[in-house]
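The data below hold one chain only, encoded as structure tokens and taken in the form predicted alone.
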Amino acid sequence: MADLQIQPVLAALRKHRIATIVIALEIALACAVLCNACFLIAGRVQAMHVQSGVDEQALGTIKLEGFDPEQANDLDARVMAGLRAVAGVQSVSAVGAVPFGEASVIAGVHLDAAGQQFGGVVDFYVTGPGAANAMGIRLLSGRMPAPDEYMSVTQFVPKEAPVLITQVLAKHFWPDENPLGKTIWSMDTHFRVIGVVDHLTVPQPGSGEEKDADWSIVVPAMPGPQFAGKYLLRANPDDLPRVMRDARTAALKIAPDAVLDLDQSRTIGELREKFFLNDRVMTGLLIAVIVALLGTTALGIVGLASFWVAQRRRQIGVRRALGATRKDVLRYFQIENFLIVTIGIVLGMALAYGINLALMNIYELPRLPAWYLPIGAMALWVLGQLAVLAPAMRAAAVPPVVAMRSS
């Protein structure tokens, strides 16, 4: 029985350099795109499944704009009273921002008064009385703000206010320390930590600076000219769609002197869907690109293998006549294909990192984790073996006499 070794396979590939190089380059491109596309898809999917930390199914927001700031207090009083009268509304609170809505107050914080210990850039949720409880955020330690701790906003936030921070921020600021009672400095004032919550995503997770989605701080504040026009409604999840429709209608009647922002006057669930729409579209496009590229690569491998089978019918017949089994012929083409795919994968890994470096520089994406490369390589090895299987089986099925006569 003839032994099919790698040496004759390499010799055959050297005789078909151009075809081998073309397929190897196609596989290299597929490897590079596959690794980076899968990395981008994983990032999008992870972002879309971020924990908001609030009771999304029971919350909605109403936003008014275009009113006279000097009438803000009167507007808030009229609108909140009117919204509370809507059937099914459990609570109404003033808020500065909600998850998946418009951007909140964003500022850098320091852990010392001298400004030497920079803690990072975080999002501040300015919330009116009852808003933190209405959100449904889970308190891990400490306490919620007391009624007398809600103070007026001076510029962006109240001065020297007590705050709630997320568990992620607590560990980031003070590893292995109790964060309760600690002080942070930002926006020409300081804040004292009175409570730690489990999760609370920033209003726009995944956009802007690369940071954890839970880099959020809750600041209690009284509504006023600089903090008015946006309201958080809580209702039974089953009633929420109807409550939101009635609330929008009521807001238009209560405040004809203001403009209802329909884009932001939605349930939190709807805001999530809208916020991640582009991510879902991008994920679909990337999946389509992967499928198309892998399909094209597989067809290229099938076409090349089929061509070589037709060209080598005499060679196959000779080997079969000398005692090569169908398994030997099948293994020959599989080894040949494995070597071509391996060459392409090696080139593709280098290209994958090159593409990732370009994406990092242009779009500020994170670095491609190394473990995506062996996964991409394994996928292409499997694809290559499956693609060459049909032509190789056809070659192995040709009887020696038929192969010799057809040459």
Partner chain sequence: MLVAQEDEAAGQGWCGPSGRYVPHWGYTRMIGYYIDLALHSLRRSKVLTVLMILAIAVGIGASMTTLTIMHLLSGDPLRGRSGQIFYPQVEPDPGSKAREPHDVMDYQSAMDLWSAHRADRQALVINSRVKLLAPDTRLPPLMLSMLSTTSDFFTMFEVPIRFGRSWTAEDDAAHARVAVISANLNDRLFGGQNSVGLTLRLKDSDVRIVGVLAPWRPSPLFYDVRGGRFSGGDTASFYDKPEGVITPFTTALEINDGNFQPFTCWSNPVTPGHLQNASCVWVALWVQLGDATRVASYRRFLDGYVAQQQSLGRITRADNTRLRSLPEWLDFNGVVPGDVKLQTSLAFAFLAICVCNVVGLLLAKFLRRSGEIGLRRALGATRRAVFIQCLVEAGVIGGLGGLGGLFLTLFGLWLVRQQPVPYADFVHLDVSMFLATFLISIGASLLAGLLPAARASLVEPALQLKVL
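From a predicted model like this one, the values you see are computed outputs, not experimental measurements. Residue numbers count along the first chain shown, from 1. Each form is matched to the other, and the largest set of C-alpha atoms that superpose within 1.5 Å is called the rigid core.
Beyond what is shown, the protein has a form predicted in complex with its partner chain; the following relates to that form.
Stretch 30-38 is the answer when you ask which of 30-38, 45-53, 341-349, 368-376 has residues with heavy atoms within 4.5 Å of its partner chain in the predicted bound form. The partner is absent here; in the predicted bound form, the one residue of 326, 172, 78, 159 having a heavy atom within 4.5 Å of its partner chain is 159. Checking 178, 73, 154, 236 against its partner chain in the predicted bound form, a heavy atom within 4.5 Å turns up for just one residue: 154. Residue contact check for residue 256: one or more of its heavy atoms lie within 4.5 Å of its partner chain in the predicted bound form. Its partner chain is not drawn, but in the predicted bound form it has no heavy atom within 4.5 Å of residue 148. Shown alone here, residue 300 lies within 4.5 Å of its partner chain in the predicted bound form, counting heavy atoms only. Proximity of residue 397 to its partner chain in the predicted bound form falls outside the 4.5 Å heavy atom cutoff. Taking its partner chain as it sits in the predicted bound form, the stretch 268-307 comes within 4.5 angstroms of it through a non-hydrogen atom at 277, 278, 281, 282, 285, 286, 289, 292, 293, 296, 297, 299, 300, 303, 304, 307. With a cut-off of 2 Å and the rigid core superposed, residue 199 has a Cα displacement that falls short of the cut-off between the shown form and the other one.
Annotation: Cα of residue 26 displaced by at least 2 Å between the shown form and the other one, core superposition.
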